[in-house]
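Shown next as structure tokens: one chain only, the form predicted alone.
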Amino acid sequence: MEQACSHAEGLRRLESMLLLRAFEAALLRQPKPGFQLLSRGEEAVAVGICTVLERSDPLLCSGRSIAMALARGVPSGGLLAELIGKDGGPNKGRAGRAHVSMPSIGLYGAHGVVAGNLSVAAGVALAQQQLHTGAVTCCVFGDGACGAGALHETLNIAALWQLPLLLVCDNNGYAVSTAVRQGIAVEQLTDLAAPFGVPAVAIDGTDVDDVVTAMHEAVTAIRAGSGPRFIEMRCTRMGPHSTATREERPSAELERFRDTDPIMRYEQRLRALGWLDDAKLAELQAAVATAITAAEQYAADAPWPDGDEALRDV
């Protein structure tokens, strides 16, 4: 499946993915980058999801939130400040990666607890249904959350009440170092939705056009009143689970990851279409570099939180 898009939109998708990757590299250059879960290799998932969602559609994500927050529209300077604990971020440095939120742009929050966002998302979807907003609530979670009871409870209540809820499993193949096949009993993660009658599909999450197509089809159906949907996006985490975790996956598998790099794959596609050449790629990279430099300067200039306000908003 492949979502047709314009020349300009194709270049925008590539630039967005380049920005996400460059941003995380800039974060790691900080003197104290903190404990982070990075999204290198999963940029197509974040860009594709946020391309389709409207600003009024609530988005909840897991603790692997950096790419999702940036793609959703959190300003890069503010996000960088937030992640290193400075004031000037959307949550004044108090939320960090695990709980960053910005409701004004539809980001209803990251959730540091595995599967912790699922039942919350059901509540948000119920609120949208009762308020007749026409909004679709999108909840993104990792494959590790598929072993949690909260997923089954959420699927049950969403199906029972026909909630406008889109459940997106960001399946990078591992829950920290536990492979999906070692932690989840079903043959396919989409099988989890079957007992509840929730339509489910698995797609290539390293292909941003496929992500956009699947999202568009699901969101359109939900907005039309057909109830919840489940999408499994199979992708690749190209680095360790976190900045504090050593790599435990087989070396042969790590080598194979080079062929599933969503940015490299999309560059090749755009070149084949005649939409991208070396000069245009350099132009996109320069624009990204300018944005990252501005974000780093913003974060450097942002003040540290006032200790006297530590308990405010808590």
Partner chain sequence: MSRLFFREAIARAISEEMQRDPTIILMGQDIAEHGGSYAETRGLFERFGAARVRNTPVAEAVTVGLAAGAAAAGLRPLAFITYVDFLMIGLDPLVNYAAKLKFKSAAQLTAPMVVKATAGAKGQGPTHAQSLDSWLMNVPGITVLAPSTSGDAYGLLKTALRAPGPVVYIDHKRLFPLGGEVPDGETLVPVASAAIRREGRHLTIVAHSYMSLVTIEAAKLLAKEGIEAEVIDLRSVWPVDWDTLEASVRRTGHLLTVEEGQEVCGVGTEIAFVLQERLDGLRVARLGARRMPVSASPVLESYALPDAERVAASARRLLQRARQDDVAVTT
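Nothing here was measured: the structure is a model prediction, and the numbers come from that model. Positions refer to the first chain, counted from 1.
There is another form of this protein, the form predicted in complex with the partner chain, and it is not shown here; the text below is about that form.
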item: The partner chain contact at Phe196 in the predicted bound form, heavy atom, 4.5 Å; value: no
item: Partner proximity in the predicted bound form: Lys92 to the partner chain, non-hydrogen atom cutoff 4.5 Å; value: yes
item: The partner chain contact at Ala310 in the predicted bound form, heavy atom, 4.5 Å; value: yes
item: Heavy atom of Gly116 within 4.5 Å of the partner chain in the predicted bound form; value: yes
item: Heavy atom within 4.5 Å of the partner chain in the predicted bound form - the one residue of Thr213, Gln129, Thr190, Thr178 that qualifies; value: Gln129
item: Contact residue in the predicted bound form, chosen from Arg72, Arg237, Arg229, His111 - any heavy atom within 4.5 Å of the partner chain; value: His111
item: Option from 98 to 106, 216 to 224, 237 to 245, 73 to 81 whose residues, in the predicted bound form, bring a heavy atom within 4.5 Å of the partner chain; value: 98 to 106
item: Contacts with the partner chain in the predicted bound form - residues in 131 to 157 whose heavy atoms fall within 4.5 Å; value: Leu131, Glu153, Thr154, Asn156, Ile157
